[in-house]
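Next comes just one chain, in C-alpha cells: the form predicted alone.
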Amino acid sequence: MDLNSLNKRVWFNSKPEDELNWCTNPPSVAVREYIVSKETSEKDQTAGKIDQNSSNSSPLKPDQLSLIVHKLMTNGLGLATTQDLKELKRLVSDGQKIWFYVVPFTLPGELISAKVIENSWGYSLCDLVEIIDNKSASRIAPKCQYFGKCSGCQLQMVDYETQLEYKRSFVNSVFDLENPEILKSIKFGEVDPVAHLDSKSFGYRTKLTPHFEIFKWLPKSQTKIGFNYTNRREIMDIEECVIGTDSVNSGLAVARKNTMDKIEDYKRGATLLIRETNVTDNGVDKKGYVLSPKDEVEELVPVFVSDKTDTCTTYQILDYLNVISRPDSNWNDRIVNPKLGDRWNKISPPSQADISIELCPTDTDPICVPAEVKLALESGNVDIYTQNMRFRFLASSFFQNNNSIIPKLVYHVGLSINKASLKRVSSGRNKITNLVDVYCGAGLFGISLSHGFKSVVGIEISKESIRNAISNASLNNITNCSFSQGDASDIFAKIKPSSSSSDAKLDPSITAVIIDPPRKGSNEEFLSQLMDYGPAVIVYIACGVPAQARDINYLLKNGNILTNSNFSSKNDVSMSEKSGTPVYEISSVTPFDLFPQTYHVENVVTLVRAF
C-alpha cells in the first residue's frame, strides 16, 4: 500500500474528537507563540506576578528542526516531516498520525533545517534555515537578489525544465485529488506537456502592483515599497523585479520615486500600479508604461493569417509543422511554401528520397500528412504570416499579464476547435462556424480568432469589459463580432435559438464556446446553463486549476463527461442521446506556463461533444 492510501486510511477513519485533539496540539513551538509568550511574560513580570529569578519567567523558545522534504505541493511549498519515508510508512501502517511541516524554497529529497513560524491545523509553517544534506540536483542559484525572502516567486531555485515537470504534475495532482475519474477520461490518457517559452522564463510580466504601509511608529522616510516577505505580513523593499519586463521595471523606479517624493501626504498605505503598454512612435511600435489605473493600455497580440489558404487548412499546416513547440525566436517568422517532410526545427528540408508521404487515417498519428496539407504544400501556394491584433483597455481592467505567450495560447484554442470541427465533418456532421466567448473581457479570444468563424459573440457581465471589447473589434476592423452584457441568471439567453430575446441565434451544434472565468472558477448555475445550451465544443481556460477541476467533476457527476463507468454500454449511450443530455469527451488537457518562477499555471481543457 502506498503512502497516500495509508494516510487516507488513518485520517478518514478517525473520530472527529481525535482529529480535533491532534490538530490543535502541535508538537513544536512556533515563533508566533514565542512572541505571544514573550509579551505575556514581560507583562507578568512588570505586574509582579512572576518571580524574575524563576525559570517559569522565561518565554517559550521557537523550535528549529531537521526535516526531510518528501514532495513539492501544488502551491510550490515543500511538504516535510521529521521522519524518512520508510519510517513514515511504518508509523501510518501502525495507525499513527503524522505532523507535517510546510517549508518554502525546498525540493524533494533534501534534508533541511527549518524554523517553525506558525502552527496551523495539523501542520506547521516554517522558514528554511539551511540545506543540511542531499541537495537536489535540480537546484540552481536564483537570479533575483530578493528570492528566498520575497513572496512573489516560489521556484527560482529550480531549473526551468524541472519547473515545467512540476507544473504538469501539479495539474495531474489537482485533478486526481478532485476525482481520479477525470484523468481516466482524458482522450489520450494523460495531461499534455506544459506549453511555454524558453526565452521568457524571466522578464515576462507586464503588470506589477507593489504596495506600502504607513505606521505611526515609523518615520515616513523609512517606508518600504514592494511585496510581502514570505510567511510574514511585512513589506520587503523591492527596487527591481526580475520577472517583470524592462518597461515595467522602468515604471517601478519612477513609481517608487514619485511615492517617496509625496510620502508625507499619505495618511495610510496604498497599492501602486505599473503596467506595460504599446506606444506607437512614427509608425513604430515600442514598449512604455502607465502608472494610473485610469490610463489606457494597448497590447499587441500576433495571430496567424493567410491570404492563400483557408483558416482550416492553415491550422492543419501549422499543426503539421508543430508550431506550438517551435523556437521562441521564430514566432513571427513568415511561413512560405514549406516542403513535405519539414519540421519547424529543421533549417532545410530533407532530400526527396527521405520524404515519406502518408495520408492521415486517424487524428492520433502525429507523423502522417493530412490530405489538405499535402495538397496545399505540393501546390506551392502557402503563405502564412502573423498580424498584430490591437487591444485597448483601462490599466485597471483584467488582461493577461504575460503577453509574450498569449499568441501560443490563442493559437492552441483555435487549433483545438479546428481539430474538433474536422472530426465532426469526417463523421458526416456540419463544421463549426460560430464562436461564443464567455467571460470575454476585452475580447481577446473572440477577436483574435474571429477570422476562422462566420459569427462571433462575446458575453460579459461587466459593462466596462463590453465597452472595451466593442471598441477593440472596431479598432481591428472586425465585422463578424458582436458583444453584449449577459444576465447571470441566463447568460446564454441572447444566443439560444429557442429564446424569444435572441439577438444572434446560434445553433449549438455548430458553435464552440470558450469560457475563461476568474480564479474562483464558474458555478453550478452557469454550468447547468452551459449544458442546457449544449455547444459542439467547450474550451475551458483557467488560472485556478482547483476550481477548474471542481467544475469538470461537477459535469462528470452529472453524466456530461464520457467515462468508462457512466457509459459502459451501448444502451447507456442510446438513453443519453434520446434524452438530449449533452455528453462530452475530454479531448485534451494542456497546461500553459504564463507565470514562470511561480507555482501558478494556466490550464486549458477541451471538451468535444460526443453525442
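Each residue number is its position in the shown sequence, starting from 1. All values reported here derive from a predicted model rather than from experimental measurement.
We do not show the form predicted together with a small molecule, though everything after this point is about it.
- Checking 178, 127, 460, 110 against the small molecule in the predicted bound form, a heavy atom within 4.5 Å turns up for just one residue: 460.
- The partner is absent here, but in the predicted bound form a heavy atom of 440, alone among 495, 440, 103, 435, sits within 4.5 Å of the small molecule.
- Just one listed stretch, out of 425-433, 263-271, 461-469, 244-252, contacts the small molecule in the predicted bound form at the 4.5 Å heavy atom level, and that stretch is 461-469.
- Among heavy atoms of residue 400, some come within 4.5 Å of the small molecule in the predicted bound form.
- For the chain shown alone, residue 219 is not a contact residue for the small molecule in the predicted bound form, no non-hydrogen atom being within 4.5 angstroms.
- Heavy atoms of residue 534 never reach within 4.5 Å of the small molecule in the predicted bound form, leaving it off the interface.
- Although the partner is absent here, residue 487 is a contact residue: one of its heavy atoms lies within 4.5 angstroms of the small molecule in the predicted bound form.
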